[in-house]
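In structure tokens, the next block holds one chain alone, the form predicted on its own.
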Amino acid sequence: MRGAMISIRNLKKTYPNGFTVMENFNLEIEPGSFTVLVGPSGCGKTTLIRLISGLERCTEGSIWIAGKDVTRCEPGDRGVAVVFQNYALYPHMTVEKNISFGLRNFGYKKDEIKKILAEVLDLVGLTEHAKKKPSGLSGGQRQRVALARAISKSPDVFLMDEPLSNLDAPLRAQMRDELARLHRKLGATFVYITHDQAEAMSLGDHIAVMDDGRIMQYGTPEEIYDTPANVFTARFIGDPGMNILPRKDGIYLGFRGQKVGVGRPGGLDCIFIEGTVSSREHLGDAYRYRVTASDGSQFEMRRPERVDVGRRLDMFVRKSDIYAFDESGVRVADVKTLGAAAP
């Protein structure tokens, strides 16, 4: 199994009611990459997956997989496998029959099916559960069956539509590790949908941040986090997302809550902010604070020490930790070149 490049060119999707989800959409997904599509609900992530898989047809543009134009190809002829949020398992079939059903339909012989079953069940750690039905499995095990069924077809591309969203937090973390391991083992191209930016950052080697049918930024997790191209990406990526405060000249200043210091130190190239703690949230290893600045603007601060709600604070942020954006929300320059003062 090897990964395939996916090339999406000038894609447009308009539904019969006249609603256009995306237009002039372009994206190159590298072969063998783990690319995550992340964004709020309704931004076009699922539509894009359905277009790539052939479950929906595009209005304009083309989709290429492994150098082949598959725009008008049927789903079964595209070399992709789709893993859905709801697993889509047959409840009356055992694990092995859920996996082998599709293989029989594709004309695989019994000996071939037996060999593939043994391999994929071992790969996803379900060998001892082969005779069980989905009702006898945990949520994580049912998701593994869905993955095994997809793997059994040896696709070049896996398309995953929020496959972990139905799992509780500890199991979701475990399954993220499993998916990363499978990706390394298989070498296929993974395209993964989530609205959870933490999941995107932990899984993807490439991330496409989407909003309103557009790609706001595409890059590695480090690029997306460290050098956000616009206000939307800065606010969406990070825990918490970046604080964005307006300045009187129309420039917006952005900084992360982890970079807010307390006090008024001398000798540092920084901006100073006065404010009052309006709320506090205990995160276990730190506290997240909501702060109301003296001008009425609000921002979040993350600190290891406990501070009482209602306390007035002097705070600072180093200029090297501040980002600047123009009136349209696009990143414009290094703050030092703007002579940044307090918002």
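Note that residue numbering follows the sequence shown and begins at 1. Quick caveat, the model's predicted, so the values are computed rather than measured.
Omitted here: the form predicted together with a small molecule. The next part is about that form.
- Look at 281-289, 33-41, 296-304, 65-73: in the predicted complex, residues with non-hydrogen atoms within 4.5 angstroms of the small molecule sit in 33-41.
- Taking the partner from the other structure, the small molecule in the predicted complex has a heavy atom within 4.5 Å of a heavy atom of T46.
- In the predicted complex, the small molecule lies farther than 4.5 Å from every heavy atom of K133.
- Contact check for A324: no non-hydrogen atom falls within 4.5 Å of the small molecule in the predicted complex.
- In the predicted complex, at least one heavy atom of V21 sits within 4.5 Å of a heavy atom of the small molecule.
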